[in-house]
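Here you'll find one protein chain in two forms, each presented separately as structure tokens under the names structure 1 and structure 2.
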Structure 1
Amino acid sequence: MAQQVQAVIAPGRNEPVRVETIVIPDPGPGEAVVKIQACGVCHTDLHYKQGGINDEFPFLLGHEAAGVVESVGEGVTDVAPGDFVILNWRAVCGQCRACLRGRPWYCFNTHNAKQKMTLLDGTELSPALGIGAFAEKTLVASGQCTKVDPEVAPEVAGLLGCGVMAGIGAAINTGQVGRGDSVAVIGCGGVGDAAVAGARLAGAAKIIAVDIDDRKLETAKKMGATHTVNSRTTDPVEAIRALTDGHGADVVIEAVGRPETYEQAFYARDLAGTVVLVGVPTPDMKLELPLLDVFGRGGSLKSSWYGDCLPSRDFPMLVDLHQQGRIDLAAFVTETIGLGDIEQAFARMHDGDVLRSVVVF
């Protein structure tokens, strides 16, 4: 039987979000209804609200979430009612060319629930990243549910559903940071700080955090940065080279998503080094680099999709490491808020006042 729950809706481009009653259908084949316990406020949700993703309003916002499976549909065997799960937006298919080549983290046929959640008048909602978790309950594909240790706090676990996983994965999975490497991270918001934490976890010897905000640089130090550079007053390329014996960093992670910071990352890496783009650019942005420099500097230029993570592998591992005290995921939670506080949380996020505001139910 369909359920009515409270949820946060983005009704139109740049309109304030509002709490409304929505309808959650019973799970169909391959689907699950999840009772949400916590959901982080991510920049991607703000992009949806601003119309920066597409125009399929109204959106059901929220995607960085953890909760408990309430019910499952026909054929679901990977999760069961009562399981504590983190929601992911890349439910791998197991059958596409990437999956069949043994690279499921690149799955080209990820899927969402087939049924639609709606407003009371029947208007279909577009769930953010196929999840829509600023809601008391949501409907997802069962493959979007990843079981983890239920002893972890939901407000901590949920952050692995997007930003924190993206940053940690950019360092560990995409950048393949190794013991003794030098790493620079340009942009120290939530994703950049997660990349700093990931580099520390991987054993990097030198981690250089770059930002224009001294507050963010102080936070990056707490996450594991060994050096900081304020690029508002200092040339970051020259600073990174000076801190690496004139060579540049082995891995440079660009967590801003702008052409000028990507160019800085390109020239701040050592010869044969790696650049990882995890910051999300806008559709209008263009990049121009001398092709001879691309050739002559060697190495790798990579983009990191969701930290190139495999949720079934990476979520439980990172939760276990957090539980062991080897990575402090709780440090990313700046504040916990209610469902009606999201508009204000967007403003604090935009002003750089928080790493993550987390809605707790």
Structure 2
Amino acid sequence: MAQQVQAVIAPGRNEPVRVETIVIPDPGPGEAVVKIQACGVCHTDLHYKQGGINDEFPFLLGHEAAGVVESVGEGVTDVAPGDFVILNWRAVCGQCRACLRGRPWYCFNTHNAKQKMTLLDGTELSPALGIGAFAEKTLVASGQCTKVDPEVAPEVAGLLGCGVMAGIGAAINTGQVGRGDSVAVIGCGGVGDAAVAGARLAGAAKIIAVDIDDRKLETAKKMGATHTVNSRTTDPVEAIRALTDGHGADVVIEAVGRPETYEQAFYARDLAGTVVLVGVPTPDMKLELPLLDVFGRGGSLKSSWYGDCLPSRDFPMLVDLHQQGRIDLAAFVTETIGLGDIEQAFARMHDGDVLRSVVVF
């Protein structure tokens, strides 16, 4: 039996979001209905609302979520009703070249639920990143559900579904930060702070946080930064070099998504160092670098997409490490809010004080 639940819809470009009743079909083959317990508010939700992703309004927003599987469709064996899960937006196919070569985080063939959730009048909804979890319940592909320790607080677990995983993964998966490394993180919002926390987890000896806002640098210290640089007043490349005996950092993570900060990252790395781009640029942005400077260095330039994560490997591990007190994911939760408060959460997003607002049910 299809069921009706409350959910947050973005009805049209730049229109305020609103709470509406939506219809969730019973799960079909390969699908699951998940009762959402918590869902973080991410910049991508705001981009959807602004029409910056595509024009397939109305959107069902929300994609950083955790909850309990309520029911599963035919053939679903990976999760069962009652399982506590984190949702991911990259359910991999298992059959493409990337999957078959053991690098599923490069899978191009990811999938979501086939059936559509709708408004009461039958209008089909586009779930943000194929999830749509600002809703009491949502319909996903079973491969979007990853079972983790149910003892963890849902508002903490949900954050691993997007931004926090992107940042931690940029450090531990893409950057391959190792014990004793020096790491610099440029841009210390939620993603950059997660990269700082990831670098600490990986055993980095020096973690240099760079931002233009002193309040962000204070938070970065709590996440594990050993040094901070305000790049509004200090040249970050010189500062990072000075802090690394003139060498530059072994791994520099760019978590802003701008050409000038990428350029800083490029020049702030050790000759054999790695630059990781995790900040998302806009289509108009271009990078201009003297080719001789690229030639004159070894190392590597990488981008990190969803932290190159493998949910089945990384979500349970990070939840366990959090439960053991070895990484503090709760520090990313600034406030918990209700379904009706998302518009205010969008407005506060660029406040220096908010890392994540999380809707709890």
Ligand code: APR
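Superpose the two forms; the largest set of C-alphas matching within 1.5 Å is the rigid core. Please note that residue numbering is based on structure 1, beginning with 1 at the start of its sequence. Shifts are known only where both forms have a C-alpha. Given the structure is predicted, the values throughout are model-derived calculations rather than measurements.
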> Looking at both copies of this chain, which one is the form predicted in complex with this ligand?
Replying inline: 2
> For Gly340, is the C-alpha shift between structure 1 and structure 2 2 Å or more after core superposition?
Replying inline: no
> After fitting the core, how far does the CA of Gly352 move between structure 1 and structure 2, in Å?
Replying inline: 2.9
> Superposing on the rigid core, where do three or more consecutive Cα atoms all move 2 Å or more between structure 1 and structure 2?
Replying inline: 350-353
